[in-house]
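Below sits a lone chain in structure tokens, taken as the form predicted on its own.
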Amino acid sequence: MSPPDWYKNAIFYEVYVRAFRDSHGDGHGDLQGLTQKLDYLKDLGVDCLWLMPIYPSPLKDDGYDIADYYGIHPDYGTLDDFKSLLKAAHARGIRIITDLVLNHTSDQHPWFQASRREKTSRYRDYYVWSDTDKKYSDARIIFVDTERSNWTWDSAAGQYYWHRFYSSQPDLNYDNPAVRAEMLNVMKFWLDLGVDGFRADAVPYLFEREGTNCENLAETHSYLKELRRYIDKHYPDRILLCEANQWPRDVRAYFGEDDEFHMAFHFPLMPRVFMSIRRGDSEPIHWALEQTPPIPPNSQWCTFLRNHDELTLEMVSEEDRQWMWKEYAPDPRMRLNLGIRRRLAPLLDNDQRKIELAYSLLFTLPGSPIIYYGDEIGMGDNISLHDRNGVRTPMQWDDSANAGFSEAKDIFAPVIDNSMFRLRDVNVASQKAKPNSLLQTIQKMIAVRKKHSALGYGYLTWHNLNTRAVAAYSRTHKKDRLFVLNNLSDSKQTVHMDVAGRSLTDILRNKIFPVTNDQLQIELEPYEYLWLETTK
């Protein structure tokens, strides 16, 4: 039986159902297709799947514009298909969390359509309406590339409605008790079906107050604590994962005192991993960790390298943002809002040494790691596709015409196959057959990680060595202690360490490094990483 805090040592895997596997031959991935691939995910070492929205939607924002919270988009299947997926996943020891989009709905949602048509409708107050677009003027615009205001005029309603994201996504009015109750009902519906929790989308923006930036308000925290109390009382083994694209000092409040979210994404760490690798300097990573406050004992960070959105640069300086764009997104088409719309492998020059190094950091720094589908095989991206679609292309299972994704003649997006990301190499089947492939390496990393509680539950001690080119730290939990060395540079680095014990063993490769008079000297190859265990 899993411990109550199973999520603290879990490997998460983000799935875009449309892109994963098409079982019906219509060119779109679906729930039955995902079910067919559960054994692959189990073999990889995945403990929990995070499904991007699967609800009915006009898909103006890939499902984050929900038109019905209680159904399944017909492209993906039916509620019975979802129940079958849950049953099959749970039989393999894999949990499933789904996206819970609290902040807004689609403008096609029946609630909004009723709200805009009649002022006397009970749904009028489900949304935030105003006779003026001057209210809440201190709130920033998030999608700066597409939106000029957080207010949009609706001619049918004769008023403006409030939205923090696209104008096709009106914000719900959480000052209305009916809305708060409705979202509890939504949670109950999916929890009763058997989901293991929710990744709660865009939670800092639920309430609006004049004279504030309308983010991280006390009223928001009060409601989120209500959601946690409800889950703890009725579904104590389920989790809430917070998406708050904020500094850790602000995200800390979303844990509460183990009475709000179980988990939260660590956003500022992610760009600094890429910054450190490009500069060959561990300081950006170390700095991000120093900005991270302690969290309650039953809470956990979620760490990631990439996901379905752009690589956000909101929490770097303007100078660093310009540098990141220059280094990682030299083509303006690679940029979106305040970020970069690239996948992991293209960002790291399709250099397996760098990709493995990034995963070494992901799997050994504090937090539960999340892998974005396809990044475990080094999939490329397609910057010619609109918006974020370039990083949401079909999963590549083999080297057939549609990469084993679908038997349809036309599929929802083209498979990646170019001179740098050749389909014959970047697919699951070929990498399963190649011992030192990226897939095999990551699978081994995950298996080794699971044997060491220090990497899931342990605390971190940063070690300042003779060179900043090496990110060096130890992870400790009870009697389990590991030293981790990551050479971030493109040159050899010689490391000197004070170590008690006879020797250190690299637990990934079973290579032994002798210790002489409590002194260890190791020469690291460019981008080499070591996970070291003391031999007493």
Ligand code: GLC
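Position 1 is the first residue in the sequence shown; the rest follow in order. The model shown is predicted, which means the values in this text are computed figures rather than measured ones.
The same protein also has a form predicted together with the ligand, omitted here; what follows describes it.
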Taking 4.5 angstroms as the heavy atom distance cut-off, pick the stretch from 388-396, 424-432, 316-324, 296-304 that is near the ligand in the model of the complex.
388-396
Taking heavy atoms only, is residue 64 within 4.5 angstroms of the ligand in the model of the complex?
yes
So in the model of the complex, is the ligand close enough to residue 98 to count as touching (4.5 Å, heavy atoms)?
no
Any non-hydrogen atom of residue 309 within 4.5 angstroms of the ligand in the model of the complex
yes
Is the gap between residue 173 and the ligand in the model of the complex 4.5 Å or less for some heavy atom pair?
no
Proximity to the ligand in the model of the complex, single hit among 243, 381, 260, 196 (heavy atom within 4.5 Å):
243
Identify, from the list 401, 202, 289, 94, the residue with a heavy atom within 4.5 Å of the ligand in the model of the complex.
202
Does any residue in 142-165 get within 4.5 Å of the ligand in the model of the complex, counting heavy atoms only, and if so which ones?
143, 165
